[in-house]
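The data below hold one chain only, encoded as structure tokens and taken in the form predicted alone.
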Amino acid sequence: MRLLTAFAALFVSSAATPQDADLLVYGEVVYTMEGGELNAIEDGVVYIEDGVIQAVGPADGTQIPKKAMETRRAAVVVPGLIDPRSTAGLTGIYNQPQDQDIIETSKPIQPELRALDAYNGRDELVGFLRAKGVTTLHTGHAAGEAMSGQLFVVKTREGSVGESVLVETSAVSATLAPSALNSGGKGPGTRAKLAMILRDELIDAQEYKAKVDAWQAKKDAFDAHTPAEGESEPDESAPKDPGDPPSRNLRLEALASVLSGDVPLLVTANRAQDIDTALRLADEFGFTLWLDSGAEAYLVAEELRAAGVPVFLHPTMARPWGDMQNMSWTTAGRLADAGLTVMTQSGYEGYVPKVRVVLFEAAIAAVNGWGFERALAGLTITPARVLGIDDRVGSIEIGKDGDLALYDGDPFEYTTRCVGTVIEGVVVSDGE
């Protein structure tokens, strides 16, 4: 590979600082992931101005402004990684009660709990993941209750969470797994009871949504009505003022957004029988289903494909016990071969390490049938599309956010180091 020294000397200077400079990144190979494919550019360059990608292509033929800017170099440049299912920011690095906000156990149904209100972007764990090239998290409440709360999408930059949010409410977390069952006579104690609780809550939400929608329709009709010119007597056929709206219920509001299709229900299920239940509930209530974990998803791959359900697959190196005893390192590849949309994740465990590094999990799946291209897509453009943020992140394209991960070799090789992480044109980590 050429060193590109002459090109760099012609067009750039390193005098500017990251805070006030545009950024030019050189890569011996740049994988853009445009269109969901690798699209490898050898001796490539990415130019970012005001946080947005302005140019990408071969170094020899890409026009770059002749002005001062910061420069970076790497063997491999890829889009900033997206962790599609995490609890980072709610789970802290010290694994102590004061930094563990991932699960609220006081009630089995709490879809109104907002991940945004618990997230700590300054936690060292977020910084650790950022140093591995993770620029975007789909994070929030863990599985473990029938409905444990919400998830949201956020950039991993350090600072106020408000400046980093991409999607305030991306999904509601539900669980159809033994982790949501209780013992000692405290419900839910069986799978049937767990499914009944979820169904009962969704029925309540249907009724609540119907009341709100009916009131809104009356309000819209009343507001739109214009009295006839010269009308002096009340028109008995005119729409009536519907009065005050129904009393707000945050729990039912959250579930109403699921029923309306605005927010998917991310259901944690591993056993094929539990995945079947999730599919039945989605068909019954018409919500958008995302499957979380899915250790036995390969047993119901055809049903998942037919229903268009994406799989947020469990960490590849998760412990194979309990309802995950039939998990496999080959599952990602098998599901992808069956035509499913597949992403791996860092996930959540009740015991250390709790949050894993999604890059390492994808690496194991890559060499066990998933392959380099599909694994890299599963960390970039695939979750971006599923999460509805592919207009900003997931690939290296002109007009998208300048989010990059820089490596000194194959990203899926364990000895490779992340030598730089870029979020919107700012180098937020040197990989240390």
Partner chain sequence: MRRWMMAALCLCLGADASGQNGRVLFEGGTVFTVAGEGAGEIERGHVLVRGGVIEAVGEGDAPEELREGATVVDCSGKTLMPGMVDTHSHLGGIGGADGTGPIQPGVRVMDSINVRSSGFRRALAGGLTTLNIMPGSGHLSSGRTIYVKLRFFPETETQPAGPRTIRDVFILGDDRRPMGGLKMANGTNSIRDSAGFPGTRAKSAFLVREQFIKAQEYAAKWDAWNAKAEEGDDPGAPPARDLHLETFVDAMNGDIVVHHHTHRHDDIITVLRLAEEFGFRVVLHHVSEAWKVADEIASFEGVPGPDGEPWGAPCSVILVDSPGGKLEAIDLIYETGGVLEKAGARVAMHTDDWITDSRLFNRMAALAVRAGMSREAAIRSLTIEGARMLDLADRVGSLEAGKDADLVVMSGDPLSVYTKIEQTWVEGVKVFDRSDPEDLFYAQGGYGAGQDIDPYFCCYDHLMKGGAQ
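Positions refer to the first chain, counted from 1. Quick caveat: nothing in here was measured; it's all calculated off a predicted structure.
Keep in mind the form predicted together with the partner chain is missing from the figure; the text below concerns it.
- Note on the partner interface in the model of the complex: the residue among Gln206, Ser179, Ser328, Asn120 having a heavy atom within 4.5 angstroms of the partner chain is Ser328.
- With the partner removed from view, the residue among Asn39, Asn368, Gln54, Thr62 that has a non-hydrogen atom within 4.5 Å of the partner chain in the model of the complex turns out to be Asn368.
- Here the chain stands by itself, but in the model of the complex one stretch of 254-262, 283-291, 298-306, 136-144, 298-306, has heavy atoms within 4.5 Å of the partner chain.
- At least one heavy atom of Gln96 is located within 4.5 Å of the partner chain in the model of the complex.
- At a distance threshold of 4.5 angstroms between non-hydrogen atoms, Phe360 is in contact with the partner chain in the model of the complex.
- The partner chain in the model of the complex comes within 4.5 Å of no heavy atom belonging to Ala224.
- Of the heavy atoms in Lys132, some are within 4.5 Å of the partner chain in the model of the complex.
- With contact defined as any non-hydrogen atom lying within 4.5 angstroms of the partner chain in the model of the complex, the contacting residues in 397-417 are Asp410, Phe412, Glu413, Tyr414, Thr415, Thr416, Arg417, given in sequence order.
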